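Have a look below at one chain only, the form predicted alone, in structure tokens format.
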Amino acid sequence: MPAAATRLTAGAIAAQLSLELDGDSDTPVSGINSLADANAEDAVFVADPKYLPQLADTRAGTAILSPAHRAQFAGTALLSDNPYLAYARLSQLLYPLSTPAAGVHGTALIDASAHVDPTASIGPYVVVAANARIAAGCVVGAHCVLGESVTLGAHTRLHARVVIHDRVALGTQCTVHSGAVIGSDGFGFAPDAAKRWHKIQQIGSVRIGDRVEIGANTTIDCGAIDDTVIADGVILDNQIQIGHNVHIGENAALAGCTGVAGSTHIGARVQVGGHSALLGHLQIADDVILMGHSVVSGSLRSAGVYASVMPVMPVRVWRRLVARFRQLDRRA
């Protein structure tokens, strides 16, 4: 368990995060830990009631809890109606990201026409092409490549080995993790009479809003004609594929290994479980929730929770069900 960047008291945390304090305001907090491994200077949290029995045995000095569960913890409590959100904010307070020193590393290659704000940090072996613009407070990690006319909004951070193709625009306070590729060609080809494929030039780009987080090895294709658009506050997990001309609405969240085919529009606040597949040219309404492994072949025009794909079961049961499916088809 790494030590926090700063050591605070429960009272100071309550004041900074606007939480209700019940207990000793001088209780020290030097880290966040699990219920099982915490010590007297650690904070823990309980968001799921199934973990409440562990409160009796934890050695933590401070716990983030719902007011309804206060009586089940003997130590100092930080009370919140949303303990998970309070935990998230505490993690940011105790473990802020380190910021490299401003400046351009001597091995970076920056085109003379590019603009790099003096407060930005450009790491080793970064390549920045013509007319790119990197705003104040940006961090560009080692071996990143930024194409022509790329723009990074203020305080956006690229981890090592991110590739951003020409004319892609990222807003402020975005985070892009290692291996991500933004603005690569969409999958557009036309067959001729002999079934040979002819590439369709992908002339659009990608527009990404503010406070977007893009996971490791995720790819976002440029638009075929219009741009691919990722709105403010979207979070994309690792190893996601976003096809050309996809639009993703504000504060949507897509979990790992999801694939979204071209020209699908995903509404605001949509949540997509891991390993889901969305076919192309669909409309997904605001506030839709897709369970993991969902396959979406038609538009979803109203909010709600949707699922597909049968859960795992013993193979003998699966074979019996498949046989019954076939019988139903023959009867039809």
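The numbering used is simple: start at 1 and walk along the sequence shown. Owing to the predicted nature of the structure, the values given are computational and were not obtained by experimental measurement.
As for the form predicted in complex with another copy of the chain, it is not shown, yet the points below apply to it.
Visitor: So in the predicted bound form, does Ala63 come within 4.5 Å of another copy of the chain, heavy atom to heavy atom?
Guide: So Ala63 does not count as contacting another copy of the chain.
Visitor: Mark Pro191 yes when one of its heavy atoms lies within 4.5 Å of a heavy atom of another copy of the chain in the predicted bound form, and no otherwise.
Guide: Contact check for Pro191: yes, within 4.5 Å of another copy of the chain in the predicted bound form.
Visitor: Does Pro118 reach another copy of the chain in the predicted bound form, with heavy atoms at most 4.5 Å apart?
Guide: Contact check for Pro118: no, nothing within 4.5 Å of another copy of the chain in the predicted bound form.
Visitor: Taking another copy of the chain as it sits in the predicted bound form, is Ala40 in contact with it (heavy atom to heavy atom, 4.5 Å or less)?
Guide: No, Ala40 is distant from the partner.
Visitor: Would you mind picking the one in Gln72, Ser184, Ser149, Thr172 that has a heavy atom within 4.5 Å of another copy of the chain in the predicted bound form?
Guide: None of the other options qualify; the answer is Ser184.
Visitor: Going through 157-193 from first to last, which residues have a non-hydrogen atom within 4.5 Å of another copy of the chain in the predicted bound form?
Guide: Stretch hits, in order: His159, Ala160, Arg161, Val162, Val163, His165, Arg167, His177, Ser178, Gly179, Ala180, Val181, Ser184, Asp185, Phe187, Phe189, Ala190, Pro191, Asp192.
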